[in-house]
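As a starting point, one isolated chain is supplied in structure tokens, in the form predicted alone.
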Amino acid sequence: MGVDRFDGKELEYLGRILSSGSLAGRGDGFVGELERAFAEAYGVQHAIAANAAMSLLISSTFAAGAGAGDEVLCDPIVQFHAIGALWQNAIPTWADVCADTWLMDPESARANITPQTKAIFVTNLWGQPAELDALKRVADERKVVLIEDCAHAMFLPYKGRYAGTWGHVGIFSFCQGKHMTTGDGGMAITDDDELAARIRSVTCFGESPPHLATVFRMTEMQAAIGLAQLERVKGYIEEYQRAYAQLSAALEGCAWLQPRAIREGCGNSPYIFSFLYRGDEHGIDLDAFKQALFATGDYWNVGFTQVPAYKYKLFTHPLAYQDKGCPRHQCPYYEGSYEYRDGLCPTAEAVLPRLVNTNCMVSEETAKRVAEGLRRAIETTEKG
């Protein structure tokens, strides 16, 4: 990472916990303090902490009312929301992405909502915001819950507000590789009292749960580290923005590599630096570019996952619930019909194999070195 991650009050706060002898998360302890500080930082009424963002994806699917026979509209670039839907025995469906941002296309979302849809999951992928105002209008028109995945989007501005506050729920990840980290952990935010109560009721219950619930509780140690991290995370992001600028400059003048678009009104909370390979349209060989890129010695991924999430075996075959066909096959409650076919999200299918990625949560100095390597790889490839 570009800055010292644990050079603040982490040790002081952890010492206070160990002295207290109480390690389990408490509303009157560091968990409650982190929730209040996070809600204040985002200007919302409720923040609910958990042991992982994935846990909150599961809880928020429940809070949205999705269960057997219901659909949850998901992002095809990543699979996490669809897994959250499966945990509630709901059916993942898919909206396509925009060709220049790789973020959910609001018109595709509108076209893929059915009477069975209960929620839309949108990813603010790799530190850039989707068209959240347009997606919120779609959700409100169709009376479904919009849930923002902000795992890559800490303090990410979009048209005067932070990502995470446009949807009915925003979910943040604090796992090791995120903008702020507690090792593992997550936070959901909302201004909706009922959604907040439903998320909390299944994220952690007491003696007798009101619904089918589990214990996704954040510990006091996680919360203490999170509170210290929250105090400094905006400084981390500022450094990553300088790193992103260095990497972006390396693409200038290259006609066969397509930079990711940042649209008007959108901020950037850098997480992954990404661009598209278009060399086949310019007579540039992909294998030659990959060889030159990997020869730099820096980490680069070419093609990301190669295929959209709906082509993963977990979804194409009824592997959930002991291979008994749930939730998409043989469900007596499902009145729809949905197949995970080729061409379901043509833009995502075209974009994914062309994506070229590297981490940009690094120092400006490191990014400058990686950018110089990228420029050399471009020049080497062009020379043949």
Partner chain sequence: MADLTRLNQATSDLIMDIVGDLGTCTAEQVQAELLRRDGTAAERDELVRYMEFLRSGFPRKLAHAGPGRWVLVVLA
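Positions refer to the first chain, counted from 1. Not measured: the values here are computed from a predicted model.
Keep in mind the form predicted together with the partner chain is missing from the figure; the text below concerns it.
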Item to check | Residue stretch of 302-310, 70-78, 167-175, 261-269 approaching the partner chain in the predicted bound form, non-hydrogen atom distance within 4.5 Å | outcome: 302-310
Item to check | the partner chain: the contacting residue among 142, 290, 232, 161 in the predicted bound form [heavy atom, 4.5 Å] | outcome: 290
Checklist entry - 294, 256, 205, 87: which sits within 4.5 Å of the partner chain in the predicted bound form by any heavy atom? => result 294
Checklist entry - Wondering, does residue 298 line up within 4.5 Å of the partner chain in the predicted bound form on heavy atoms? => result yes
